[in-house]
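Listed next as structure tokens is one chain, alone, in the form predicted on its own.
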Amino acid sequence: MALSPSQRNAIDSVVLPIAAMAGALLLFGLFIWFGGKSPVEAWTLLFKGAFGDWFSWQNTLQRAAPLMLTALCVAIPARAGLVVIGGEGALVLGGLACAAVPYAFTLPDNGVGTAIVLAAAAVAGAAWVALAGVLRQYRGVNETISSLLLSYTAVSLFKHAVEGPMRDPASLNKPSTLSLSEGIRIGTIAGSDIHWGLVFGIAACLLLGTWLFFTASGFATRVVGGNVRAALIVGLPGHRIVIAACAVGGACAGLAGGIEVAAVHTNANASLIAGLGYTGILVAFVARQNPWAVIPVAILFGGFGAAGSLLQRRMDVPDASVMVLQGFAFLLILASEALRGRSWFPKRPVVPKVAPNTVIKANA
């Protein structure tokens, strides 16, 4: 029984990412083996360090929270037809905006103050990534290049502010801004070390997935991403939809930076530049730009990041070796796109049935 194109695409969306991740784990094992270590031990420690006990799960979920939001910075614009990879810049500017608000205003030392600094982080990220959308729609600048360059610019602005006008005089060896007050910081979920940023990430994925697949504006965004000419023919405001999608994605990445400041670092410092925006690109690609699928994929990659320290302690390999695994995964995910839509089982030629004693006349 032949599969319909929609059924084949659904199968490819599940099978190809799983096959790519399995291949990445295999290549990572070979990489470990060439270093004189046991690949089986590496695979065991990798999953033990990520999901082996409650402590590992807490570390994994903490790392997964910002990845969900930075992945949305790629996934939402992708649904509008853009390849935006500027989540890192939006994240660091969001963190900087979160830390900068108390410099300008006296904030209430409670949940209202927390909401204000997180809103500032989201607005900063939205404005920064929306700029890439504006350049794409009105000046024809490739959004992939512009968003990447904007990320480098954002990191430079962040370093200038943290090491210059916003530097806390008490931060000597590690320049940072003034710490947020205790009442503004984001606490942990009762009975765990997991901060409430995880709830923000899951809620954003669920809400944006619902918006994308079950609302008229979400459908319009997908139409623009699928065929911009058809969208213009039916009267959809393509420019506005694309810029809005970039702004929504940027707001998610900026919120991730604000949460990292308010829940983890308590101030803006160089530790915020940890490549979370770039890892979010990989998460979004593995999840096929589906906000709902971002949740389990982010948890998986958060687990890989959490397991790095265990690999270092037990096998004497660098903590950053998990970056090699992520690199293999990214390459194989991109390569698997070439296989999407192909038929794995060749069709049999259809031979017309001819009734007995039928004379077939050849054309003169």
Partner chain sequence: MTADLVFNVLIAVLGGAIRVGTPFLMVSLGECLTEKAGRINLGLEGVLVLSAMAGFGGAYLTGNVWAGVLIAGCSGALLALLHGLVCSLPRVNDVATGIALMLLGSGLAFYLGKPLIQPQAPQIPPLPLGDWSSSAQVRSALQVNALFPIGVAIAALMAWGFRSTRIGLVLRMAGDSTDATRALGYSVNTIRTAATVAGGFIAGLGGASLSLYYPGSWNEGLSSGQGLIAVALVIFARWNPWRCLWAALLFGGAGALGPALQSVGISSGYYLFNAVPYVLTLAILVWTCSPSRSVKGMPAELGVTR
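On a predicted model such as this, the values are computed, not experimentally measured, just so you know. Positions refer to the first chain, counted from 1.
The form predicted in complex with its partner chain exists for this protein as well; it is not shown, and the discussion that follows is about that form.
This chain appears without its partner; in the predicted bound form, the one residue of 299, 306, 32, 45 with a heavy atom within 4.5 Å of its partner chain is 32. With the partner omitted from this view, the residue of 274, 264, 119, 135 that lies near its partner chain in the predicted bound form is 135 [heavy atom within 4.5 Å]. The shortest heavy atom separation between residue 167 and its partner chain in the predicted bound form exceeds 4.5 Å. Using a 4.5 angstroms limit between non-hydrogen atoms, residue 157 touches its partner chain in the predicted bound form.
Contact annotation: residue 148 falls within 4.5 Å of its partner chain in the predicted bound form, judged by heavy atom distances.
None of the heavy atoms of residue 52 is located within 4.5 Å of its partner chain in the predicted bound form. Partner contact region in the predicted bound form: 310 to 318, out of 310 to 318, 291 to 299, 52 to 60, 65 to 73, criterion any non-hydrogen atom within 4.5 Å of its partner chain. Although its partner chain is omitted here, in the predicted bound form none of 111, 115 and 211 has a heavy atom within 4.5 Å of it. Residues 281, 282, 285 are the ones in 279 to 301 with at least one heavy atom within 4.5 Å of its partner chain in the predicted bound form, listed in sequence order.
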